[in-house]
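Only one chain comes next, encoded as structure tokens, the form predicted on its own.
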Amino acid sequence: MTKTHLPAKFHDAVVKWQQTFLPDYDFLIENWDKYFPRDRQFELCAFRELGICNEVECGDAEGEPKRTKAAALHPEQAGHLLGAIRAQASTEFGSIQQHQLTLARAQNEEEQFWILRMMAEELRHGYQMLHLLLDDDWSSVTDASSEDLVEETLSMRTGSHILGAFNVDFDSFVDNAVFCALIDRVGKYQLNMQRVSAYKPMAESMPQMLREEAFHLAAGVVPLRRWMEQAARELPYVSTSDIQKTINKWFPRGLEMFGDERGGGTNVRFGLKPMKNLEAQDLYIEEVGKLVRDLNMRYIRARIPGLDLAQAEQVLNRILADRGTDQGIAWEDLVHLPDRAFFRRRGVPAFELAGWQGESFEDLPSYLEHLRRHLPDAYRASRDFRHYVEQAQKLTGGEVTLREAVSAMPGLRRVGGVCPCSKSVRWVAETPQSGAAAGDSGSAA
């Protein structure tokens, strides 16, 4: 594995960004050995894995040598790749801004340091993507200079990132954990797919990011397991209802990060990913379903300590089969995987009136009442939720088309030239365009 640092001015720009949005970075480094004594000290750099496959592994050019320069790619292929790198960079920096909002609200200091480490590693992942932007010549597919590409990325704020999941504010530390468990899990799928990229520098960047991504998932799953066990013992902290509503908030955004269910074929043909969007999304849903089952098993075994694993499985299966109560545990006491069409704003189910358990609603008011009962209270006070409601009302009232409603979801753009990380950046609302794509680009943290 090789290690590289960005040219000084770009490295310094990332450090300046870190000082603004990750002010606890030095505190993490000072306490690294206390919380992570067996792990190598964190370093802000770009890693490239040696010895990966040298041949294109999927698509029209399968079996040919992987491309090492953007100029060797077909222009449309290079354009797709550049878009993926920029989206990936946006998500890495964007998640740090989100986690910072509620980092200090953790009840457990260890869990707080886990999230802090995750944020530092996301910073390194963003740094890795900037390395890909700066280490090659992308002039064949963009007029933007290297300085422009870096500045654009570092100037983004919550509300202006490329993928919708990274424009939603966190309301409590439950968001931090569920985001890691669900949204970083999408990131794992994206990184795994990009590991076979026909662009060798991208493929070489993925292995170390995937190693770090495994810790990010744990930073979400472990607190969720603890909270489920505490809820089973009726401790007055995070309830299963809190967890369910937060899953309902993030699971739809995670599904949308794969891109429109009908798309992804171009990336496969270009050798940039081995699966279409729907294939990857199906696998993700299956994996999140296993996570939900694991959480419920931990709840049951904490509620009835005398049960062994097989007995707990039987109790869970009976509860799920008839949605009833078994040994004092009701279906409502557990957490469940939301329907894939629930609360979607992009992709095939965009703006369908689909309930979290798959119910169908005949009118928007009854659906909004359903959302009121099954989404977190604080989230419903957000700009993101308000914008969804407004677009749904316009759509049902015939004021906008479905494509226009999808394209009009929150998006801001920067105007005016500023140095990276400047606090004087001005923002304006992005004007919806009727021809805009109906799905996210499918990159993730």
Partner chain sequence: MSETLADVRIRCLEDTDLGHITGIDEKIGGSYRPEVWERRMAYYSRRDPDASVVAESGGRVIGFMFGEIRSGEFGMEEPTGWIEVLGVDPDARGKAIGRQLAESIMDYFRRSGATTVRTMVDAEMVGIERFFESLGFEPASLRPFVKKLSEGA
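Positions refer to the first chain, counted from 1. This is a predicted model, so every value here is computed, not measured.
We do not show the form predicted in complex with the partner chain, though everything after this point is about it.
S.K.: Quick check: do 35, 38 and 309 each get a heavy atom within 4.5 Å of the partner chain in the predicted complex?
M.R.: Spot residues vs the partner chain: full contact, yes.
S.K.: Could you check which residue among 238, 291, 278, 285 gets a heavy atom within 4.5 Å of the partner chain in the predicted complex?
M.R.: Flagged contact: 291.
S.K.: Scan 214, 330, 320, 348 and let me know which has any heavy atom within 4.5 Å of the partner chain in the predicted complex.
M.R.: It is 214.
S.K.: Where does the partner chain sit in the predicted complex: which of 261-269, 215-223, 371-379, 358-366, heavy atoms within 4.5 Å?
M.R.: Comparing against the partner chain in the predicted complex, the contact stretch is 215-223.
S.K.: Verify the contact flag for residue 148: yes if a non-hydrogen atom of it lies within 4.5 Å of a non-hydrogen atom of the partner chain in the predicted complex, no if not.
M.R.: No - in the predicted complex, heavy atoms of residue 148 and the partner chain never come within 4.5 Å of each other.
S.K.: Using the partner position in the predicted complex, report whether residue 229 sits within 4.5 Å of the partner chain, counting heavy atoms only.
M.R.: Yes, contact at 4.5 Å.
S.K.: Is residue 185 close enough to the partner chain in the predicted complex to count, meaning some heavy atom within 4.5 Å?
M.R.: Contact check for residue 185: yes, within 4.5 Å of the partner chain in the predicted complex.
S.K.: Might residue 110 be said to contact the partner chain in the predicted complex, defining contact as any heavy atom within 4.5 Å?
M.R.: So residue 110 counts as contacting the partner chain.
S.K.: Who in 135-155 is close to the partner chain in the predicted complex, meaning a heavy atom within 4.5 Å?
M.R.: Heavy-atom contacts within 4.5 Å come from no residue here.
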